[in-house]
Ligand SMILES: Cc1cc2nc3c(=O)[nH]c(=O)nc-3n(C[C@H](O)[C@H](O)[C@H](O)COP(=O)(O)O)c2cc1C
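Coming up is one lone chain in structure tokens, specifically the form predicted alone.
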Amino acid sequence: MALSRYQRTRLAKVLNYEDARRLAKRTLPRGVFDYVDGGTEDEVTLRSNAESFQALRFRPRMGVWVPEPQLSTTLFGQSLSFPVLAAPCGGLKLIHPEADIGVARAAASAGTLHVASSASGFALEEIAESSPDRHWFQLYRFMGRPGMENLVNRAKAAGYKAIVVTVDTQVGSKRERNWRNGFSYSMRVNAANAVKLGPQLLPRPFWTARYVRDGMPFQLANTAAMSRDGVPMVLSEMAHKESNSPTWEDVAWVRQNFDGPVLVKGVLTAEDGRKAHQLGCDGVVVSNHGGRQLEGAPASIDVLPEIAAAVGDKMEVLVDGGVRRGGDALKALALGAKAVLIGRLYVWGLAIGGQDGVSHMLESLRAEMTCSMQLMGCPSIHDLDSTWLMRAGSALNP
């Protein structure tokens, strides 16, 4: 979908996360914007993700000229031009019709990876076709164990290179913004909810028209093959379909039945990192689900060193939550992460400009990482460790 001249001009003015968030807020209905932007309960964990990055400071090496910092790395034999992955995000059809396919293509164009969500509006096979050899699959336990097994077998057949098992969504959390907005994952624009949604949709005619043309999703496309009548369920039905996050027993089954790398997402303790390793998994993603699940969970970056120390020499450690700038990604690498995943950062780009918007945000992050490394006097991301950091107000390393 080609951008208009106005959209290109608007996108060019997006210099950072806050610019993108502000424009996305003007583009999306309030309920959809808050679905992405919000967290659970008082959103303390959501805020702490970013605040904990801000509490870290660099310890630069001056008098060093770095003409071209090395950002490239490898994950499980796959080369990445820089260590930033597009995290799995459900409901992207609400954001833009290109949704997960636009994200996957943008990530591939940037030389990195997209982790396709089980809760996508596109079938996993469609997403795989859009970015050959550049996709991982994120796994939920839809419709009980049989549904989970169906997803794994299809991901294997579609050529997904790795499976990321999300274990922190045992139940739906109390996301109060969604309740206040009357938000429903189906977001059907019809007479039954016109009164409820009307005040949110009328100020956003462009989004509304585009959404209606797209068929007024959102349904879980991956569940159609599991349904007797071939009708996919919507996210609001998940609680009634034995759907929850996989257990450790499920993780063990995935490990035994998928030949590629298996990662566990949602790890916040060294104990769970060791458990994933004991089951033969290849990596973990340190994550509190973007502050959207357990209120009071620690910021991901705060527990990253503990987990990296426990299992970083045995498996790949990735992290998400709170990455807003290229410098945040570098801080995570210095504390033991092999790569970071971003969510809201690229979703705002998707809202503004579809695939082109996602590409814009990825390239902005890459440029910030390059500039920061030059100013730090750091020639390669592989040189980063805790000696490059300090806590605000302290001369000591973390």
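When you see a residue number, it is the position in the sequence shown, counting from 1. Values in this document were obtained by computation on a predicted structure and should not be read as measured data.
From this point on, the text means the form predicted together with this ligand, which you will not see here.
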Location of this ligand contact in the model of the complex, chosen stretch of 338 to 346, 368 to 376, 65 to 73, 325 to 333 [non-hydrogen atom, 4.5 Å]
338 to 346
Just checking whether G111 would be counted as a contact of this ligand in the model of the complex - the rule being heavy atoms within 4.5 angstroms.
no
Using 4.5 Å between non-hydrogen atoms, is G159 touching this ligand in the model of the complex?
no
In the model of the complex, Q138 touching this ligand (heavy atom, 4.5 Å)
yes
Under a 4.5 Å heavy atom criterion, is G290 part of the interface with this ligand in the model of the complex?
yes
In this chain shown alone, the residue from A104, C89, I307, A276 with a heavy atom within 4.5 Å of this ligand in the model of the complex is C89
Pick out the residues of 22 to 42 whose heavy atoms come within 4.5 Å of this ligand in the model of the complex.
Y35, V36
